[in-house]
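In the form predicted alone, a lone chain appears below as structure tokens.
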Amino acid sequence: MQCGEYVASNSEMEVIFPGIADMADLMKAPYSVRFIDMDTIRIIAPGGREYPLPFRGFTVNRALMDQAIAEQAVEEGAELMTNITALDVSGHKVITTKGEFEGKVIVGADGPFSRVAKSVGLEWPVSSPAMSATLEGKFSNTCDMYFGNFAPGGYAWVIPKGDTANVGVGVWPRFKGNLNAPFHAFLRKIQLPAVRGTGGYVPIMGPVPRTVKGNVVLVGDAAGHVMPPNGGGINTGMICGRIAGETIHEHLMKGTSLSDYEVRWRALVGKALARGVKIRKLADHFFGSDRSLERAMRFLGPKRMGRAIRCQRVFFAR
């Protein structure tokens, strides 16, 4: 599972992205499979100092959540095909491991190294490597984010799910080497047993320059729809996915341009994600040493760090 399985609450999303409507309907599937409700994210500095930040969210079973979304789609008339891989896109044709299919519109929702994007010449988002595993044990009811040189340029996390927790490490894109080393260093740091982790990549520098080309649109990780300060992508993927669906419907029924999708998602979430990129770049200046990172965290304090994880202005509130 290449996912922390953490979902921000609807109330948090309405603060981060003002103007979102019908969140309860949109997030029906994630809420139906939630495990643990949390009202705090705890930031742990390199020296061990803790900063509890009020933030409402919950954990989910990602596999069940995806299944619930698929079931909703099938109920609305979609055809679900499993054990099939898209290999290439050429015009209106999608070449797969089970033959060719045609589509008036093709949606690339196939991750940060999207084959759909590559096929039509769209850029991939800047992504960082990460490794995680699910461990059994007794864990707190907070989402913990650990910072330090064991996770260069990134952070490690413990996200509780009742009797288990998702534990992982993400590092900066220019990291060289095997992620097993920082991952197991973190497990030793928090006194958890050594286990085999699953590797993946997380977009961390915001959306790609273009998410529409011809009859192709990109959504989710493929588009870089991930909040740069914290790596959260479920909420933004759902929000932008709905915008894509509505725009495609209007395109097919009324002739609305697909480029309207780009305009609409940027108007709703683009500004916050752009602020998140600036926050991420600012933070990168302090990731070189634990001492500078510790000092930066003390200077920011809980209130400013809370604004940072929400992709809000850190120093000037309006």
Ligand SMILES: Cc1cc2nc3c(=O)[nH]c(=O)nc-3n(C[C@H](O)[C@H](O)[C@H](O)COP(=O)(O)OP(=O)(O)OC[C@H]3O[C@@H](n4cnc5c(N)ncnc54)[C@H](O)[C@@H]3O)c2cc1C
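We number the residues from 1 along the sequence you see. Because the structure is predicted, anything quoted here is derived from the model rather than measured.
What comes next is about the form predicted together with the named molecule, which is not displayed.
- A heavy atom within 4.5 Å of the named molecule in the model of the complex is found for one listed residue only; from Gly111, Pro173, Gly241, Pro152, this is Gly111.
- Interface residue among Lys161, Arg115, Lys189, Arg210, judged by heavy atoms within 4.5 Å of the named molecule in the model of the complex: Arg115.
- From the list 242-250, 181-189, 134-142, 214-222, the contact stretch for the named molecule in the model of the complex under a 4.5 Å heavy atom rule is 214-222.
- Taking the partner from elsewhere, every residue among Gly4, Thr85 and Val202 has a non-hydrogen atom within 4.5 angstroms of the named molecule in the model of the complex.
- Gly231 belongs to the set of residues with a heavy atom inside 4.5 Å of the named molecule in the model of the complex.
- When contacts are judged by a 4.5 Å heavy atom cut-off, Val226 counts as touching the named molecule in the model of the complex.
- Although the partner is absent here, Trp157 sits close enough that one of its heavy atoms falls within 4.5 Å of the named molecule in the model of the complex.
- The named molecule is not drawn, but in the model of the complex it has no heavy atom within 4.5 Å of Ala165.
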